[in-house]
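Coming up is one lone chain in structure tokens, specifically the form predicted on its own.
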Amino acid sequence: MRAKSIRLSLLIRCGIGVGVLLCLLSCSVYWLVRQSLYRELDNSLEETASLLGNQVELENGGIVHEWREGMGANHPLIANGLYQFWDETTGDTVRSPALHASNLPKYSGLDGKPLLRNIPLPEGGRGRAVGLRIYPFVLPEEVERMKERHAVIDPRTLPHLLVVARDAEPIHRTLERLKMMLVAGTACTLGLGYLLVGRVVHISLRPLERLTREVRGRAEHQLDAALDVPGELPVELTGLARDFDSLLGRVAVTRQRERDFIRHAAHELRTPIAGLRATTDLALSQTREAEAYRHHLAVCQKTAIELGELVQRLSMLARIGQTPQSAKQEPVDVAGLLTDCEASFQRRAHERGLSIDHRFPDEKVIAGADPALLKIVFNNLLDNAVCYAAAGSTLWISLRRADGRVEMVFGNAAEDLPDPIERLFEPLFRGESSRHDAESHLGVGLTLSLDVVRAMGGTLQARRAEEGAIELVLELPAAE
């Protein structure tokens, strides 16, 4: 299923939100205007009802409607008004001239209180009316006359119902026009709002689009470089950019690890392959007896076996740091393994006039290590000592066991040492080659040895010894 577009999703949701707000605003305006118009009409109806109610008088024992006699009346109101009186005692009714013979609805509120409601008018159309109970008005002079006649009448015994109506069509027409204006305004505002929201969304998503182009445009050879994060990137996306840069950093570490492994593999394979070629060249240089060929073939076989083991160990090295099973720990006679490794360097040491001083204890020292990996470390440390030692000097190798650890020190006189001395473990670091036999070195042997020792749970450090000397200190876990 195709993923939703953020732009479209924001546009729809913002549009719905704006539309809902506009509808609520339009409904509120319509309701306020309607209430205002009806409130004004209701006030007018109540004022008219009050005026008409005061024109019903009790006079000479009968009810007089002064507006019918033209006394104190508002003539336009009399002529055009819609109102009707009902005498609740006799049932007689009096209508305004505009009603002719038609009747208005007869009603009032509870206990005769004014009640406003919408009614249909006699001529059709919609109207608004107020119904209430009134009592005749009695002048003070009439009260005196009733007292003289000893016929005082309580006006509250002569209740009348009054209903006053007014044509409400103008209000309804006004409200209809207002409704159409609000609907049209809401539609236009919503359309304009969609355009503005779309523009705002487009501008807001520009940093994300730039970040997307940056990621898409990243070539394979650029995976180990940080992103060119846009300066105006919102804070909501900076975390994503940092996480992506962190991922690129891990990719860079992996790629660097691969390159280091290739260099290490080339470095370790170079010596046995060269030995294998030298042996075959020597065997084929002249015609020999079968026994001589057998001897050279045996050497080649041994070298091939060592190469196979080395390839296997290098494969394990590729996983060093990824799984704890990279190194296989087992008891190893450190002095015995070191003696075997030294045999390969005797000729070169002799050519440079070097001697080796062994400072080993009488008893065996057993370390917990992977013998194949430890052999790689010994070969690198011996190769480094033989190559970089001053010609005609003495190498020293000490071995001891203390505090559950096995410590070995490889020392030699050196004429040029880096500062700081830890630079020896940097990949591809090589000392000045004009003073010793280091021209053929790739500068990865100590780096590889450090990784291998760490994989076996040990440490490898360099330190300055006496004047012009260096010692490489190897520590491994001791084994019983």
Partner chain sequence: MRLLLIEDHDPLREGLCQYFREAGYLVDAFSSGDEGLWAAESGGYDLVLLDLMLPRVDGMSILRKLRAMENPVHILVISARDGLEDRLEALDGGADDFLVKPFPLAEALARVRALLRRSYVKKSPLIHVADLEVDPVKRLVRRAGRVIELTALEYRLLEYLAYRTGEVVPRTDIWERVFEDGEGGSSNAVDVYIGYLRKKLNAGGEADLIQTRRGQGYVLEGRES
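Definition used throughout: the rigid core is the maximal C-alpha set that superposes within 1.5 Å between two forms. None of the values given here were measured: they were computed from a predicted structure. Numbering follows the first chain given and starts at 1.
Quick note: we don't show the form predicted in complex with its partner chain, though the next part is all about it.
Enquirer: Any chance all of T271, T279 and K302 sit within 4.5 Å of its partner chain in the predicted bound form, going by non-hydrogen atoms?
Expert: The answer is yes; T271, T279 and K302 each reach its partner chain.
Enquirer: Based on heavy atom distances of at most 4.5 Å to its partner chain in the predicted bound form, which listed stretch, 280 to 288, 239 to 247, 155 to 163, 127 to 135, is the contact stretch?
Expert: The contacting stretch here is 280 to 288.
Enquirer: Could you work out which of R454, R423, R34, H65 is the residue within 4.5 angstroms of its partner chain in the predicted bound form, going by heavy atoms?
Expert: It is R423.
Enquirer: Note which of H296, R401, H358, K364 lies within 4.5 Å of its partner chain in the predicted bound form, where distance is taken over heavy atoms; exactly one does.
Expert: Filtering the options by heavy-atom distance leaves H296.
Enquirer: Hey, in the predicted bound form, is E169 touching its partner chain, heavy atoms inside 4.5 Å?
Expert: It does not: once its partner chain is placed as it appears in the predicted bound form, E169 has no heavy atom within 4.5 Å of it.
Enquirer: Does at least one non-hydrogen atom of E40 fall within 4.5 angstroms of its partner chain in the predicted bound form?
Expert: Answer no; every heavy atom of E40 is more than 4.5 Å from its partner chain in the predicted bound form.
Enquirer: With heavy atoms only and a cut-off of 4.5 Å, decide whether H267 touches its partner chain in the predicted bound form.
Expert: Residue-level check for H267: yes, a contact with its partner chain.
Enquirer: According to a 4.5 angstroms non-hydrogen atom cut-off, is P122 in contact with its partner chain in the predicted bound form?
Expert: Although its partner chain is absent here, P122 would stay clear of it in the predicted bound form, with no heavy atoms inside 4.5 Å.
Enquirer: Superposing on the rigid core, is the CA of F137 displaced by 2 Å or more between this form and the one not shown?
Expert: No, the C-alpha position differs by under 2 Å between this form and the one not shown.
Enquirer: C-alpha of T186: shift of 2 angstroms or more between this form and the one not shown, rigid core aligned?
Expert: It does not, since the T186 C-alpha is displaced less than 2 Å between this form and the one not shown after the core fit.
Enquirer: A101: after superposing the rigid core, is there a C-alpha shift of 2 Å or more between this form and the one not shown?
Expert: Comparing the forms between this form and the one not shown, which are aligned on their rigid core, A101 does not shift its C-alpha by 2 Å or more.
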